[in-house]
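For reference, the chain that follows is the form predicted alone, supplied as structure tokens.
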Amino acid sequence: MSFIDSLPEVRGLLVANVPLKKYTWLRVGGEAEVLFVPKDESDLAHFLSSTSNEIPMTVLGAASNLLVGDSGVKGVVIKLGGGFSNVSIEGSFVRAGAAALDSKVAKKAALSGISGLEFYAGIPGTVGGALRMNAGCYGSETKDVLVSTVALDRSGRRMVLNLNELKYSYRHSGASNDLIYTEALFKGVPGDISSIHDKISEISDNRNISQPIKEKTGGSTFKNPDKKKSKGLSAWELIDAAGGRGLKVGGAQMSQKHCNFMINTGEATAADFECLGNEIVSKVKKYSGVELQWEIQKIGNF
């Protein structure tokens, strides 16, 4: 019996040996031993409750800030699909599935005159990823607008977690990594529709101007360090000062446009990106004494 044959029957998609590079923005990475795309929350809960805890499981979102190892990912990779992408309005609240794009949340809120969620227009990921890492930009982050989230644990048990239980800090959640988020409830405030759209347009324009969004990239590579340790300098400023702008390893390069972004110039491997990132960490540490921390998430075997 093969590995996939030992898994429970599902209503969604269950496929063996799926190349993951086509799903990632960096366009690198090996195969998922098994890819599971659940039809809905009950399908996911059934799968989790019927699968041994010894089998590794990894959740894949938009993969916009993800580096997948060249040797692939063992166990099951779970990718939430259309059954988890709905966004609805409930007064001044926005309820969104974990597979919904952050930009969809911002736009849906704007159409209903709900302010406070505009910053999501600048994040190229999904709600699930935002929940996992307290995603944010332009002075706002997920913890500022989140009320609660629904998640399943490894046994398939459904739970509702409030904001405090997620133990957020900068680009980090203290909640268990085994949780799989399925939806979130956000709270905005009533606002002028025209002003909200103007702010979203401003965020989108700033992103187009400052970031290499037309390249195969992975978003911000490193977290901004503590301002006291970095003397107020952000990650990109430290990288630039240390000579990292345009630095290249194999097919991986730090963008000339925004030097905290890595880009795939053509035939990069995950190993190229990992080596490039580690070289940047070393250069910045030698130049400024600041040790940068990866913001890009790394999964699988390198």
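We number the residues from 1 along the sequence you see. Quick caveat, the model's predicted, so the values are computed rather than measured.
Unshown form predicted in complex with a small molecule; subsequent notes refer to it.
Think of it this way: in the predicted bound form, the small molecule has a heavy atom of just one of 277, 244, 61, 30 within 4.5 Å, and the residue is 61. For the options 35, 235, 66, 254, the one in contact with the small molecule in the predicted bound form, meaning a heavy atom within 4.5 Å, is 66. Put simply, residue 105 is far from the small molecule in the predicted bound form: not one heavy atom of it is within 4.5 Å.
Residue contact with the small molecule in the predicted bound form: residue 47 places no heavy atom within 4.5 Å of it. The small molecule is not drawn, but in the predicted bound form it has no heavy atom within 4.5 Å of residue 116.
The closest non-hydrogen atom of residue 211 lies within 4.5 Å of the small molecule in the predicted bound form. From the list 186-194, 108-116, 126-134, 154-162, the contact stretch for the small molecule in the predicted bound form under a 4.5 Å heavy atom rule is 126-134.
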